[in-house]
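First, one chain by itself: the form predicted alone, in structure tokens.
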């Protein structure tokens, strides 16, 4: 072989070797880039998974600070990340002192496999909380694939993922497999990162809300009224210092302590249930430990105002106000009694002096003024006395069977001269066959006198009509309806409620010349009518249209034939509190 041939052979061999080396180098480079691409793809996939899970956690937990939801969301999403035979989680519920164990089996395993998972998880919980867990504290739920006890599989691979919120264990997630070597740092790192981020976010929010809760607690404690709030299970959520002092229940009361302190005075549970159903519950007055309290309840709704979150109950201390009211009432009664005697004496003296013929016209005029003025004052004093009795519950009404129609006619006739002086006609319409009524004859005369007096006083032209008829329900007479209609100044709708209050005279009435009215007549009439078991109201179309006053009187009682045989005394205490 010559030199030329040898050189060509050498060059050919070197070229072949270089091509082979280049191929392997290119293949290695391609494999490295492919590996980098796979790693990048895995990282992107994990990042997308992490972002999706964190977004779902943020959406679902909102402001609830519920660590259980974080545990449930992460557990439910694990199938997208790694393989497992079963995923389990434990939720600690400090309010109920219970541990909830959930196991979702994705492939057939034995009962021993599930028990082994639970044992490992409880051991981890015991280690982290430094408190042993007993079986009686555990509520267990198993779902997914059917268990097969013929299998002898054991837990070959597992890892625990704790969820810590504000330094406390909220829950524990466990991923287990029958296959060994399934879980390493690479495929579990993302789960630890998700749990850490979610826990930190909730912990920060919890700190903010705890600070706000502390401020709210201070504000509630500084209230001058007692206050408590319960959740939907009627567990005590808030109770302020004022209520603790009012009820004497100690620094850390339970709801039962408060219920016991109110025993016999207030059915607190019923009041809270009523508030949960329909909202605001009207004031109720109770007496506890020498204190007089007004109680008011209302429900607390969620942010969307769609469902109740609890009930708040307010206890307003009105002890001083009631004491002042009693003092005022006692003073009024004393003043009225002291005024009646001299006024009666003045009127009696005037009656004695009037007949003397030798008196001059001026003397007669002045005696008439004294008689008229003392009469007006005596009426006012009597009204004040009646009001004082109403408010103290001492305004007794003696009810008995009697002829209401005769009383109405008698009162109407007594006002005919006064009405005639103003060219007003009084008409009486009594329904035929009107049954006997059960009422206080003297007090009902007082009601009729007040209504007729007002009708005459506020009517300048027209007529006054007094009526009485039966009111029936399902064909049975239940009461008698009495009406007094006038053609006077009328009443605006917004003023109607004022009429039956103390000193409830309207501006229109004063401008009509009724300046001598005390404004107590209708308040007393209301107390009398309601004390007899009836009701009173007024209807008017407005100013200048006249008014019609109505009141009802119960029909007679068969067991009480006459006033003399069986008079009944009604108390007006409820009326005074209305």
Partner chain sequence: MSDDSDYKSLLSDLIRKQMVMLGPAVALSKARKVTGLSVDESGEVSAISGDPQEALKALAGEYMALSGQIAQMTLDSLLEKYPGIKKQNS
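Keep in mind that this is a model prediction, so the values were computed, not measured. Residue numbers count along the first chain shown, from 1.
This protein has a second form, the form predicted in complex with the partner chain, left out of what is shown; the following refers to that one.
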Check for me: heavy atom within 4.5 Å of the partner chain in the predicted complex, for each of 130, 160 and 188, yes or no.
yes
Even though the partner chain is not shown here, does residue 117 get within 4.5 Å of it in the predicted complex, heavy atoms only?
no
In the predicted complex, does residue 183 come within 4.5 Å of the partner chain, counting heavy atoms only?
yes
Residue 166 within 4.5 Å of the partner chain in the predicted complex, heavy atoms:
yes
For residue 123, is any heavy atom within 4.5 Å of the partner chain in the predicted complex, or not?
yes
For the chain seen here without its partner, which of 416-424, 450-458, 396-404, 152-160 has a heavy atom within 4.5 Å of the partner chain in the predicted complex?
152-160
Which one of 196, 469, 322, 241 is close to the partner chain in the predicted complex, taking close to mean a heavy atom within 4.5 Å?
196
Neighbours of the partner chain in the predicted complex among 419-452 [non-hydrogen atom within 4.5 angstroms]
none
